[in-house]
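Below, in C-alpha cells: the form predicted on its own, a single chain.
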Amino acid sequence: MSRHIVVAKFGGTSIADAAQFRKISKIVHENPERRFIVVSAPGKRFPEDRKVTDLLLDSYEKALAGKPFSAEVDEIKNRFREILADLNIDFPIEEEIRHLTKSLSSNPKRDYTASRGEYLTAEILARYLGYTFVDPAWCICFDENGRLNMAMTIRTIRASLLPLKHAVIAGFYGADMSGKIHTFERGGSDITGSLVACALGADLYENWTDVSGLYAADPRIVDHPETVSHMSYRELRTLSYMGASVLHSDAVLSASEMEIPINIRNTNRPDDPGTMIVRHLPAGVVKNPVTGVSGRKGMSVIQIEKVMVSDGSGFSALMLDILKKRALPFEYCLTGIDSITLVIRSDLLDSCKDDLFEEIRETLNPDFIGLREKQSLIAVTGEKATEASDANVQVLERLTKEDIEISTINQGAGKLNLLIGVPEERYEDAIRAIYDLRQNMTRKI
C-alpha cells in the first residue's frame, strides 16, 4: 500500500525568523505524511519590518540605476545570519551573498535577484529538518518568454521528488531550458506548492500562514469575522481573486483540477483546524447561503451606448477587439440591448484613457460614452445559494436599505456569485452590511 503524501507550503510570516523555523520543524515532524515542504522567503517579523523579497527587489532597482545597494544586501545577510546562529546551522551564507552581490554588480537580473530569498530559505530549512533540498530551477519549467510549461513541469517534478523520502522545495520560481530564472507573480509560492501537490498526486495540500483559515470578510473592515470551515474551490478562487489574500487564486485552479483538498492552517496556532477547500462538502456540514464577501477598490466603469448594439452588427466584438489590441484587461463586460458596460482597473486605464475613448468614438461612433471613477468591486459567493434562491435578492435589498448606490451588477448562473460595483467611499459600509446579513442568515440555519 502506497504512503499518503501531504505537501505543506509555509508562507513568509510562517518562516520570518528562527522561532518560526522551530514551529515549522515541530509541525512537519508531527505528521510523517508531510513529506514535501515548499517555502516562501522570510516575511515581516513585526509591522515595521521589511520582507526579504522587498529588500532583494530594492537592491535590484538600485543596482540597475547604478546606485549603491550594499545596505539592502547587508540587511538580507544579517536576517539569514541571525536565523543560522540561533538554530546553530552551518551554512555558507557569506559565499551566497557574494554570488548575489556579483550578479547585482555585473549584470542585475530581476527574477534571479527576487528568487534568492526562497532559494536561501529552502536551503537552510532543508539542513535544519534533515531533508533533501530541491531547487525548482531543476523542475519548474518555463519557456524563454517566461510562460510555465505545465506538462514538462509535472513530469520533472515527479522525476525529481518521487524517488525522495522527504524534500524542501523553494517556492516562487523556476527556470527555462537555458537555466535562466523566471518567477511567478508575488504570492507565487502558493502556485509552486499546488504544482508539487498535483504532480505527486498528493492526498492533501496544506497552506500554512498566519491566520487560522479564510475569514468570511476582511478583518481590517469587519471586527472578528467568522472563519469559514469548508468552502468550494470556486468560492475560494473568486474570493482570492477579489482580494482575500490567504491563497493565490491560480494555486486553487491546479489543485481543483486534480480534486486535491486544500487546508489553510495557522503556523502559530497549529491545533486550529483552519479552512478546508474541497469540491463537495462532507456529510453533515451545514453552510451559509453566503460563504464570504471580498472586494477591491480602484475600479472604473465605462458605459457605451448605441441604439440596438445587439442587432448583429458586431459592435460588442469590435469593442473587445479594441481592448485586446491595447492589451487592456477588464474585470467583466455586460451587454444590453443598447449598451455595453465595462469594469476596468483604474491604474490600467489612467495611462490610456483619452486615447481609448478617441478610438472608441472613431471606430464605433457611439451615441454616448460615460465614465464613473473611484468605484469598487465586491464579490459575494455561496455554493448553497441554490437552496436559498433569494440570497442574492437579500444582498441587494440590504445595500439598498443602507442607501448604498449600486453602479453595476453581474450575477453568475445557478450558484450565488454576485459581483457588485459600489462607490469607493461606501466600500467598507457595503462589506459590513453584507457580512451582517450573512451572520443573520447563519443564525436562521
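Residue positions are given as counts along the sequence shown, with the first one as 1. Please read all numbers here as calculations on a predicted model, not as lab measurements.
Absent from the display: the form predicted together with a small molecule. The rest refers to it.
Novice: Out of the stretches listed (58 to 66, 390 to 398, 38 to 46, 24 to 32), which one is close to the small molecule in the model of the complex, meaning heavy atoms within 4.5 Å?
Specialist: The contacting stretch is 38 to 46.
Novice: Quick one: from Arg186, Lys353, His166, Lys180, grab the residue that has a heavy atom within 4.5 Å of the small molecule in the model of the complex.
Specialist: Only one option qualifies, and that one is Arg186.
Novice: Would you please decide whether Phe172 lies within 4.5 angstroms of the small molecule in the model of the complex, comparing each non-hydrogen atom pair?
Specialist: Within the cut-off, so yes.
Novice: Thr381 near the small molecule in the model of the complex, any heavy atom under 4.5 Å?
Specialist: Residue-level check for Thr381: no, no contact with the small molecule.
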